[in-house]
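Just one chain is shown here, as structure tokens, and it is the form predicted on its own.
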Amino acid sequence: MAGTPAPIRLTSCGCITPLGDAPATHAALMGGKSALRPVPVLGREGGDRVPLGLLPGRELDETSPPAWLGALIELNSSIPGGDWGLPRRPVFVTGSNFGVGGLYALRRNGDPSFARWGAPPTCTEQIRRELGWGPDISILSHACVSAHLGLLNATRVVEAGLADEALVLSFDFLSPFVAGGFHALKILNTGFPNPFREQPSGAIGLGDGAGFAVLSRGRGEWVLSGQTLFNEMHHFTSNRADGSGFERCLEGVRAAASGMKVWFKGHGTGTLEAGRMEVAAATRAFPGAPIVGWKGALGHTLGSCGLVELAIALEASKGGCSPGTHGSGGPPMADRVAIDNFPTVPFDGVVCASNAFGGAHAAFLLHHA
């Protein structure tokens, strides 16, 4: 009788933010530090000063090649193994913006060198060459749940025996085009984000960020269980007013966490309606679980937030303490919102959730194997 196949495990994981790599970012958040600073929303062209988290020494304006390329090369140096992009070691590249800032720069100054970075296929091809990967690369993009989509697809190909291990790389770096778009929607404004805080109006911050995860069968001490994606298909930007999409997404994760004591790493951008819905759904699905969010210090890393924040949640789980909800010093949306740092030792795992425009939701359970 054949034995039960070994589970798919998280072999390695890391990230880079304006506060450093995953251990440095975790330590900075524990110390109450923030990456957000007021920056003109259109870079050298000015505009309102909005809260942005940029990599050290990086300007918002686009360059060719992009100034953020060095950060990806540095992150790649910490990914174990080699020969990525071959049939048995595929790569899943995710994000919501890729090099779209290059198209904006091309339109503004006419320099054709920006064109090769401006669209997902061409941008990914440039990165593939820089990092020395093979051609077996899939590109996935679905707003702020993009990284979750990459993790789920990578899990499936390894689980099906189509790959020995898979790499997920997600990145989102800011540009005047990206910041200007959110500013036009009025959710990126001169106010700093206060996730999960009751207040008259909401605001978000945006941040540079990239992360990676290696998934394989039977190697690694950590597991992603109950990976779930759910799309309401309700509206271009908003969620159903009853919050049902948040609850539907958490059903599968709640089943995976049955019998476990968990904490909840929420999306928590600083918007009000979605924040209330997320807190309500998390409170019902996981009674007693502390709810925390870190975008008040990191800014929203957009399609890459699920992987960037996974790396930080992993550090919190390994280190025995989670950072609190930065920027939420006022009355919280629920008693379970953890404003201060708290120990993770009493918990069996952490539920990591992300939510996106139009009612797209994603979540999984991270726990020790």
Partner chain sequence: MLERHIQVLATDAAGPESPAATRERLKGGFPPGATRRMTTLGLLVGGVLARVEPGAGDPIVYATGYGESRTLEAFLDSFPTPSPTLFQTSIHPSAVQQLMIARQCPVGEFLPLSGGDLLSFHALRASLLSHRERVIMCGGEETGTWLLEHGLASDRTFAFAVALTSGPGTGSAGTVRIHEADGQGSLPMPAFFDLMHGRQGFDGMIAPGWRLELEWH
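Note that the structure is predicted; figures quoted are calculated from it, not measured. Numbering follows the first chain given and starts at 1.
Separately, the form predicted in complex with the partner chain exists; it is not shown, and the next lines address it.
To test your reading of this chain, name the stretch in 157 to 165, 67 to 75, 285 to 293, 251 to 259 whose heavy atoms come within 4.5 Å of the partner chain in the predicted bound form.
Heavy-atom contact with the partner occurs in 157 to 165.
Please tell me which of Gly243, Gly191, Gly220, Gly181 lies within 4.5 Å of the partner chain in the predicted bound form, judged by heavy atoms.
So the residue touching the partner chain in the predicted bound form, by this definition, is Gly181.
So which of Ile79, Leu272, Ala115, Leu131 reaches within 4.5 angstroms of the partner chain in the predicted bound form, heavy atom to heavy atom?
Flagged contact: Ala115.
Among Pro87, Pro135 and Ser138, does every residue place a heavy atom within 4.5 Å of the partner chain in the predicted bound form?
Yes, the whole candidate spot contacts the partner chain.
Do Gly358 and the partner chain come within 4.5 Å of each other in the predicted bound form, heavy atoms counted?
Taking the distances in the predicted bound form, the answer for Gly358 is yes, it comes within 4.5 Å of the partner chain.
Flag Pro176 as yes or no: does it have a non-hydrogen atom within 4.5 angstroms of any non-hydrogen atom of the partner chain in the predicted bound form?
Yes.
Taking heavy atoms only, is Pro120 within 4.5 angstroms of the partner chain in the predicted bound form?
Because a heavy atom of Pro120 falls inside 4.5 Å of the partner chain in the predicted bound form, the answer is yes.
Using a 4.5 angstroms cut-off on non-hydrogen atoms, would Ile127 count as touching the partner chain in the predicted bound form?
Contact check for Ile127: no, nothing within 4.5 Å of the partner chain in the predicted bound form.
What are the residues of 200 to 233, in order along the chain, with a heavy atom within 4.5 Å of the partner chain in the predicted bound form?
Heavy-atom contacts within 4.5 Å come from Leu229, Phe230, Asn231, Glu232, Met233.
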